[in-house]
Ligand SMILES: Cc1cc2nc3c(=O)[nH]c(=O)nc-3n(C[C@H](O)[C@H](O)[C@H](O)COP(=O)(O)OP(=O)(O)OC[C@H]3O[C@@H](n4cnc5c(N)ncnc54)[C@H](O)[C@@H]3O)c2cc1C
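The data below hold one chain only, encoded as structure tokens and taken in the form predicted alone.
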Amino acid sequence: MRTTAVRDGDGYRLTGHKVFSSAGPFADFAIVVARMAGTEEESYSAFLVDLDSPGCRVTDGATPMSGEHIESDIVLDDCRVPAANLLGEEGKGLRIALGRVTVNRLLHCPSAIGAARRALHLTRDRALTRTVNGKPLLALQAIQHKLADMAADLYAARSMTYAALAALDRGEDVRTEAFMCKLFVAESAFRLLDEAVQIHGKDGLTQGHEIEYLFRKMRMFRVLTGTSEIQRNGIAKGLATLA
């Protein structure tokens, strides 16, 4: 990690470059994890950084394939942060960051589930109204089976996410379950959208069509908040520690 924090009296000075800062273009502050400079062992702390602070610049970030302008780069050049903006204890920043990721994995899942549900409804309506040889597309058993698989995937993804979120509310450790939910929801939502594009035909490939947009959105979800491969690593690690 290249962003560093240096103690400065009753505060800190941060220098570095934070990329892929979601909501950066319109956020008031950012959570920045920085390596503590000048310490014997590597340690990291988390800070709340006011994006209007001197020494802090928010620049245009990369535009993701969804086309949404929600990313920015945050450039810190000797930016002073008061001690009151330290999150938790000094040197415990990675624990805070990784703890947030667990919750974020679960909180991203309902968004993907909602997109998948919308795609299923649009695809069902398409199959009901699109005619082939004088009959609705839905009269074809192949289409019926595709829609059935889509509905089953959606139900399974929603059920496991609800169960994990309920366990989180009860204060249980759901790190492994969060990995499982993120993996299954991401992969099943993408499969569902892929079938939705297929059933919509050329319309589903057309820019400006809702299905085309949702397809691009769900493709991103297999990478955001950790790739599917990272989720599998986390699940395997969790299984290895089972009593």
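In case it trips you up, residue 1 is the first one in the sequence shown, and so on. Everything quoted here is computed from the prediction, not taken from an experiment.
Below, we refer to the form predicted in complex with this ligand, which is not included among the displayed structures.
For residue 73, no non-hydrogen atom is located within 4.5 Å of this ligand in the predicted complex, even though that partner is not displayed.
Using a 4.5 angstroms threshold between heavy atoms, residue 16 stays clear of this ligand in the predicted complex.
Though the partner is left out of this view, residue 64 does reach within 4.5 Å of this ligand in the predicted complex, counting heavy atoms only. Interface residue remark: residue 234 is not counted as part of the site for this ligand in the predicted complex, having no heavy atom within 4.5 Å. Here the marked residues 4, 86 and 98 all miss this ligand in the predicted complex; none has a heavy atom within 4.5 angstroms. Contacts of stretch 208-242 with this ligand in the predicted complex, defined by any heavy atom lying within 4.5 Å, are made by 220, 223, 224, 225, 226, 227, 229, 230, 233, listed in sequence order.
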